[in-house]
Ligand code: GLC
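Coming up is one lone chain in structure tokens, specifically the form predicted alone.
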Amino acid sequence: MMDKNLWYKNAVFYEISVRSFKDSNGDGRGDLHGLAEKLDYLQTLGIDCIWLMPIYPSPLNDDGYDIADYYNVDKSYGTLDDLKELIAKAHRRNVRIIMDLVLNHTSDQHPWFQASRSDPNSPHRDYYVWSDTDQKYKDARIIFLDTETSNWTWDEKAGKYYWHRFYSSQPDLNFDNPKVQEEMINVARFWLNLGIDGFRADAVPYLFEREDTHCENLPETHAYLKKLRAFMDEHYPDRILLCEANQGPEDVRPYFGDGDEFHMGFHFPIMPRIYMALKKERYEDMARIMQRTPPIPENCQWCTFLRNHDELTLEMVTPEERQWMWEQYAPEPRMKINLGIRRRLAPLLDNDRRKIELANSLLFTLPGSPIIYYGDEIGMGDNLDLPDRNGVRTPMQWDDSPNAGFTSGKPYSEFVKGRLGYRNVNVARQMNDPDSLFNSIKRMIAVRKKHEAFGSSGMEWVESGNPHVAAYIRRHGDDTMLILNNLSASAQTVKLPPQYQKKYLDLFAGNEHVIADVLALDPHSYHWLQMQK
């Protein structure tokens, strides 16, 4: 059996925007009590760990990633006691909770920044990166190209420029200051003492700045992150750090260190290639990126996802591939944002049930622990009339009563409109329908959790002689899985190499059959087959 401190290696994660999930007090915004009311639902779905988007006090210029106080919960969501109660209720159901730890920057409303800009003698002056010129670190790219023209912003009060890798309302912390390093470990300690099971660490490649570098993935950054991990290992050995570094697999690999940096890292590059594979009906793009993915230490794991709270990022594909993805998946200009696409899973896949299930089959069987974005398990839509990324952060659709059972008050946001709106797509209807998308995803999760093969980090591609079928092996000890995904809208046949012509148990149909020769696959079908002795 797997070491219990390695629980994350075969866990299924579920990402929640607390504001969008469930309102308990009628003020129109989701809150921690509302989320606590829905823990039974999440337990029914089968998830192991909730990832909460930021719940800190914030002016909300970047949906809470602009933090004004690291040591509190925004009062619209509840109190620290409400969070403790939520954690206790989740733990009783064997569900863990991780939260966002935003190390790189604060809000410009944070008291540290206000003190820093107001007084050159303040102990906080050195908490941020100030300069008399905006010509330093010129090799660093600008990340939010559609809103920012520089990584420096002039501050009238300080009479200096301050450095920011994201929005100008999010000044970067100065990690060259040992006090900042210590402060952020104190922040981690505070939440871990409260019972949080770990952190998704936001935007970690950018912690340090050095002249004549891109100011990303610097050795100093890795040294600090190892320090944070050592602190957690010593005091909180069963908690985790999940790395958000939107980089190629070779560049993310160092964030695992020798198993002494991050426990987990998002596999950003596989995600767009799943969509490429579905549209091209061929698997090579996925195979190439997985073959480029270096092995990781035994105590580490990738994290995979189809969608999340941000745009479907296309930073990790070539300019030609990006253009092609925009043509295929963002035919209207308003579907694009930054270097990506602001649409949800179901509309991206034409609300085609077979394709949505097939994408999930890939998510649940490729190496890594899968993350479901709230609402994707019922096939929620998006609302492109809303600005920025808000279109994929609309309220959860619980039932077909007014306001989708989300709130008894006036909702903070418009809902999804049209055929993917809550009248047609909601939890209540799907839980009662054995053939619903919800119940299919629930089945996939249940099957996945029974087999440790899915928790290993390796895979082997199987040459089936058919480019339309993604065929691969996942194994752990004696448990060997053959996974077949037909990416094509037409029926396909595969001929497996002799070493795979054996007896298998179909984990969904429950029947055993021998694969001896040519196997026929229905359009957009998927098969999880366990090799029998």
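Residue numbers run from 1 along the displayed sequence. In this text, all values refer to a predicted model and were calculated from it rather than measured experimentally.
The form predicted in complex with alpha-D-glucopyranose (GLC) exists for this protein as well; it is not shown, and the discussion that follows is about that form.
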Given that the partner is absent here, does residue 130 sit within 4.5 Å of alpha-D-glucopyranose (GLC) in the predicted bound form, heavy atoms only? no
Can you tell me whether residue 247 touches alpha-D-glucopyranose (GLC)? I mean in the predicted bound form, with a 4.5 angstroms heavy atom cut-off. no
Quick check on residue 84: any heavy atom within 4.5 Å of alpha-D-glucopyranose (GLC) in the predicted bound form? no
Are any of the heavy atoms in residue 158 no more than 4.5 Å from a heavy atom of alpha-D-glucopyranose (GLC) in the predicted bound form? no
Per contact check vs alpha-D-glucopyranose (GLC) in the predicted bound form (non-hydrogen atom within 4.5 angstroms), the hit among 474 to 482, 487 to 495, 58 to 66, 36 to 44 is 58 to 66
Would all three of 217, 225 and 262 be in contact with alpha-D-glucopyranose (GLC) in the predicted bound form, where contact means some heavy atom lies within 4.5 Å? no
The one residue among 336, 354, 309, 279 placing a heavy atom within 4.5 Å of alpha-D-glucopyranose (GLC) in the predicted bound form is 309
Could you tell me which one of 267, 344, 273, 393 places a heavy atom within 4.5 Å of alpha-D-glucopyranose (GLC) in the predicted bound form? 393
Residues within 4.5 Å of alpha-D-glucopyranose (GLC) in the predicted bound form, restricted to 192 to 218 and counted by heavy atom: 200, 202, 203
